[in-house]
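Below, in structure tokens: the form predicted alone, a single chain.
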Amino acid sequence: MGENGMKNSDIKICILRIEGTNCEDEMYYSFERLGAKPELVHLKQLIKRKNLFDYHCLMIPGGFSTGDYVRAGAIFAALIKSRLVKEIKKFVEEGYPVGGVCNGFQVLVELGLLPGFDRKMNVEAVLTINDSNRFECRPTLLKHENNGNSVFTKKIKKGKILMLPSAHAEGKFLFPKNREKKYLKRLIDNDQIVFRYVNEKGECAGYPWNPNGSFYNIAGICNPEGNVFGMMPHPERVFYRWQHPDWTRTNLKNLDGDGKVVFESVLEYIRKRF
């Protein structure tokens, strides 16, 4: 229970879907298992009948929204921008958490909410085709680099390494070449880097540890305020320990998967904040 008496059962989560999203169920159950009240909401419902501010959190799941035509997440983002941009902007400015996983991360970048250096929702980065030029589906090791800014990872110690599955064809995070140093400095100064791809020693490494060739091995970032978060690997797919490929060789007394803490963190933030 939070400081204001709010419980997980009071928290409503909007899981936004559209044609082609396919990870919304895993995300739904991740929140439901923790006692929250998730709801699968189609974009058309949110535009025509529902109010975004009836929810405490907005989540955009993975998949292949609208077939990933043009670019991954581009059409989904354009539809949101054309009909809900004022609501989304106000939602973020008022401190409500917004999360995107895989395709959802791509949507948040296309919307300009990430990296979100200013509040004008300018598009400042891209998630593009993997260096391998193919779909990469593999367990990935992520090092938590955040100092406490990201509301989705506050319960994770800095330096902790998590194993989360990646499954994407366009996960290569890039800045414009002429702005790489400038934007990287801003990410570091603002404590916006959340996860980086690493090897078994916890060191940044190339393929296959970094499955896509992301700049600076970036796997997940947040906005400067910390309430908008996106990552390519899937925490919702390893809520339980037995969903890990190595689970029989690890601590069987703790059956929590490495992804569970992401959902616990944002629920804790909501309990304290609202």
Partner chain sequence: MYHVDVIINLKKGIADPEGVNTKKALGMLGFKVKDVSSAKIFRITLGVKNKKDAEKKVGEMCRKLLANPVIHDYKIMVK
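Values in this document were obtained by computation on a predicted structure and should not be read as measured data. Positions refer to the first chain, counted from 1.
Omitted here: the form predicted in complex with its partner chain. The next part is about that form.
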Contact test in the model of the complex: N130 vs its partner chain, heavy atoms, 4.5 Å: yes
is_contact(K177, its partner chain) in the model of the complex, heavy atom dist at most 4.5 Å: yes
Contact flag, A74 vs its partner chain in the model of the complex, heavy atom cut 4.5 Å: yes
Touches its partner chain in the model of the complex: E124 (any heavy atom, 4.5 Å): yes
Option touching its partner chain, based on a heavy atom within 4.5 Å in the model of the complex, out of C204, A78, M163, L184: A78
Which of 66 to 74, 31 to 39, 233 to 241, 49 to 57 lines the interface with its partner chain in the model of the complex (heavy atom within 4.5 Å): 66 to 74
